[in-house]
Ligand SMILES: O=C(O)CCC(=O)C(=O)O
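Heads up, the chain below is alone and in the form predicted alone; it's given as structure tokens.
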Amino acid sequence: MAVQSIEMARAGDIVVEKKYGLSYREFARQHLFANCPVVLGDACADWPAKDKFTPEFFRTHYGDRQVIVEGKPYRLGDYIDLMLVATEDNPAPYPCKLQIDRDYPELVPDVLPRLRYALPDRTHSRLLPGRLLNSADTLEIFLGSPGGQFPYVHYDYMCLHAYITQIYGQKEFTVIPPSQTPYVYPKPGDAWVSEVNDVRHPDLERFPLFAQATPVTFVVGPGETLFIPCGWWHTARSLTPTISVALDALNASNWKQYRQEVRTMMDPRKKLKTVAAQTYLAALGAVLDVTERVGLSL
């Protein structure tokens, strides 16, 4: 199948395209290892979730489950009711997150097969200690209402790649390349979070360098998957009631950045542990490089 490509948005020399029929080889060359975002128009075509995950499905099957949104507990059914009547000017609290593999494991088959573009993935390797991922959640469902805006601009924790599949409704995304990190004012102590929390109405008196940033904004709709490479700053805003599935991935393309995140997260007073962790990850990366090339899973 020939690749079909549609330009979605551009700012300066940054272009985000939507592509259909992209082979893994083309994706790896043009986006994964090039660290370039793209919207994949048909990546989730085989997911049962594509037709199953609706507000009514979650209200019927999980309406009595408790969720915490903006620090407040809700019955999921009550939250969905709010989500469906909310408006741009009066949005429901956001984000409402469901951690799939920990709290809703029965839904995992609905988001399988794993996106081929998100393979290989090292986050579930038996050889990678969980403590070196710092409890990063790597498979989540997000529910939101019109006007529901992610509370901060960020790149994904531990410099993982993000794949966000829009299942229901439309969501507006804004991305900013890693090269513009000085313009987004990373928070001291939380360098993966920006102090600029509103890219549509930035406070340029407080954050004057943000005027030099070139955010790219575009809309992702049902059945489409946004690939956000490691280190890309991003945020999102729901335009309608929305349900999205977000998964993170780690492989050879972002292993170097991940190792740097591990170094940053470790206690600087414990130098021997930091050296040991880096030595182990360097060796593990080399082993996984080889096994992934021959199609083995460790």
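Being a predicted model, the structure only gives us computed values, none of them experimental. One rule holds for the numbers: they count along the sequence shown, beginning at 1.
The following text describes the form predicted together with the ligand, which does not appear among the structures shown.
The stretch from 167 to 175, 69 to 77, 84 to 92, 202 to 210 that comes within 4.5 Å of the ligand in the predicted complex, counting heavy atoms only, is 167 to 175.
Using a 4.5 angstroms limit between non-hydrogen atoms, R122 is distant from the ligand in the predicted complex.
Taking the partner from elsewhere, D110 is found to have every heavy atom lying beyond 4.5 Å of the ligand in the predicted complex. The ligand is not drawn, but in the predicted complex it has a heavy atom within 4.5 Å of A236.
Within this chain, F150 lines the site of the ligand in the predicted complex, having a heavy atom no more than 4.5 Å away. This chain lacks the partner; the member of Y183, F142, F227, F218 within 4.5 angstroms of the ligand in the predicted complex by a non-hydrogen atom is F142.
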